[in-house]
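This document starts with one chain, in the form predicted alone, laid out as structure tokens.
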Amino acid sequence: MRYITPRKAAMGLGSAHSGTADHWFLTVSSCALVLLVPAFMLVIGNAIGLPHPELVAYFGRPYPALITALFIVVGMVHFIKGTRIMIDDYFQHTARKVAIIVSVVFSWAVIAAAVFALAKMTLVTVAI
């Protein structure tokens, strides 16, 4: 019979090892979002009401396109990490795996669609 103390069984499984990197990542990304959200709101506020050709030209400029891309990418990666923590806390076994896959695929699809749309608007503006 092999005897393992409770301390030995718990070694390497504590909060100091399992979630520290995620916590720091979420802290840094939330600080970045504190700066990006007001800038993104100004960009969107200036774009509201523009006709389609002017809207495409507006997002073809570097500042609005860069702020929008950074906001989408940082926000969605922050979403991926946050939902991963939530899913790990509340789901079990196969449901956990499926939920993580759905969350990550959805997030990267949103990032890809947004970056593609911004790139397309930039290239249309350059071609004109």
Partner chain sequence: MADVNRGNRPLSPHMQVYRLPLAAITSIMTRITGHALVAGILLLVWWLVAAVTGPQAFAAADWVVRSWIGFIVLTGSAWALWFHALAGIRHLFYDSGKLLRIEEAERASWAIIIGSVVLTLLSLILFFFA
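Numbering follows the first chain given and starts at 1. On a predicted model such as this, the values are computed, not experimentally measured, just so you know.
One more form of this protein exists, namely the form predicted together with its partner chain; it is left out here, but the text below deals with it.
- Though the partner is left out of this view, P38 does reach within 4.5 Å of its partner chain in the predicted complex, counting heavy atoms only.
- Contact annotation: I72 falls within 4.5 Å of its partner chain in the predicted complex, judged by heavy atom distances.
- Using a 4.5 angstroms limit between non-hydrogen atoms, Q92 is distant from its partner chain in the predicted complex.
- Using a 4.5 angstroms threshold between heavy atoms, V34 counts as touching its partner chain in the predicted complex.
- Only one of V56, A99, V77, L66 lies close to its partner chain in the predicted complex, with a heavy atom inside 4.5 Å, and it is V56.
- Counting a residue when any of its non-hydrogen atoms is within 4.5 Å of its partner chain in the predicted complex, the hits in 25-54 run T27, S30, C31, V34, V37, P38, F40, M41, L42, I44, G45, A47, I48, G49, L50, H52.
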